[in-house]
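Starting off, we have a lone chain in the form predicted alone, written out as structure tokens.
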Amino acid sequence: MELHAQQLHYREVNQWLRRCSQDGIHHVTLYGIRGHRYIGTGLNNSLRIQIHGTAGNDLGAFMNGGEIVVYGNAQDGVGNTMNAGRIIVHGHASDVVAHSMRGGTIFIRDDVGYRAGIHMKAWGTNPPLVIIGGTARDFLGEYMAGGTLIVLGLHDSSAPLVGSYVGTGMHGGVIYLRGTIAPYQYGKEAGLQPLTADDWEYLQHTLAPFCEEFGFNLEEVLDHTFCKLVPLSRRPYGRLYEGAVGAINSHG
């Protein structure tokens, strides 16, 4: 099934998608997408959506299954509060990719903006995975509580791999970076650890489908320095809140 959406409101596009899903259709293609919002919101079956153009905000929000493939770029909030399924972007994505994501997989071929992976968490037996082929801006993995973020920097070796404040407030999950990171770039709640043999095995297994999707050479991607960022505490602000509660109680 195909839909040419150039002249359609985003609500009309999403209504058409819901009808396709209810009718048991498994594969649809959208052409002329120009910032249409909420595509695939709440998707919870095996529907596969191909998008040609630029997907608008909250692509795949609250997604519970299925697959979305974008042949172009995506705006803010890709995979917002996503639970399951796959989102693949053959281009760039803007800010807050994977906001509060709880499960499923997101592949971004190129760069992402600010606060990718903010409030990511692991839910059930399907922990979230986000792989970014390019670079990420400030506050990557902010308040991260679970899942995995991987940033590869495959396109422009002169561009900074990540910005500043990486892992600020981090209290779960892991961030793998293909390259190095200076101490001033990551938050005091996170710390570096050397990669183990299990880490390298995990990366090889995890990056294989990403490389296959976008045509990268897996061996060349892995033949590089990687670093791993993990939380230093499961309760980084515990003393702050305990102090606040104590102050309230003392004045009660």
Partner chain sequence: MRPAQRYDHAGCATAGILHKGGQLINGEAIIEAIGTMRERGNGLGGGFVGYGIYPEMKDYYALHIMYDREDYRQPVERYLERALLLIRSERIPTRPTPGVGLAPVFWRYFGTIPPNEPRPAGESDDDYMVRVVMRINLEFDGAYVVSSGKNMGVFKGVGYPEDIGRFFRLEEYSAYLWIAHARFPTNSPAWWGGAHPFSLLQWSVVHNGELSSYGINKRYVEQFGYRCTLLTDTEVFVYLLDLFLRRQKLPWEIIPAILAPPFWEQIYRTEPAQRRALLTAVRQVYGAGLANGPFSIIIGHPRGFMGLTDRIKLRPLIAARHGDMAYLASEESAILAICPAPDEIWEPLAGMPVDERLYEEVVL
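Positions refer to the first chain, counted from 1. As the structure is a prediction and not an experimental result, all values here were calculated from the model.
Here the subject shifts to the form predicted in complex with the partner chain, a form of this protein not shown in this document.
* Taking the shortest heavy atom distance, is D110 within 4.5 Å of the partner chain in the predicted bound form? -> Output for D110 is no: heavy atoms all beyond 4.5 Å of the partner chain.
* **the partner chain contact in the predicted bound form: Y71, any heavy atom under 4.5 Å** => Judged by the heavy-atom cut-off of 4.5 Å, Y71 is well away from the partner chain in the predicted bound form.
* Looking in the predicted bound form, any heavy atom of H26 within 4.5 Å of the partner chain? -> Output for H26 is no: heavy atoms all beyond 4.5 Å of the partner chain.
* Asked: Does the 4.5 Å heavy atom contact test between R11 and the partner chain in the predicted bound form come out positive?
  -> Output for R11 is yes: heavy atoms within 4.5 Å of the partner chain.
* Asked: Pick from 148-156, 170-178, 101-109, 133-141: which stretch has non-hydrogen atoms within 4.5 Å of the partner chain in the predicted bound form?
  -> Selected range: 133-141.
* When you measure heavy atoms, are Q50, H90 and F216 every one within 4.5 angstroms of the partner chain in the predicted bound form? -> Result no, not one residue of the spot touches the partner chain.
* Just one of T41, T206, S46, T54 has a heavy atom within 4.5 angstroms of the partner chain in the predicted bound form, so which one? -> Only one option qualifies, and that one is T54.
* To do: Would you mind checking 187-225 for residues with a heavy atom within 4.5 Å of the partner chain in the predicted bound form?
  => Stretch hits: zero.
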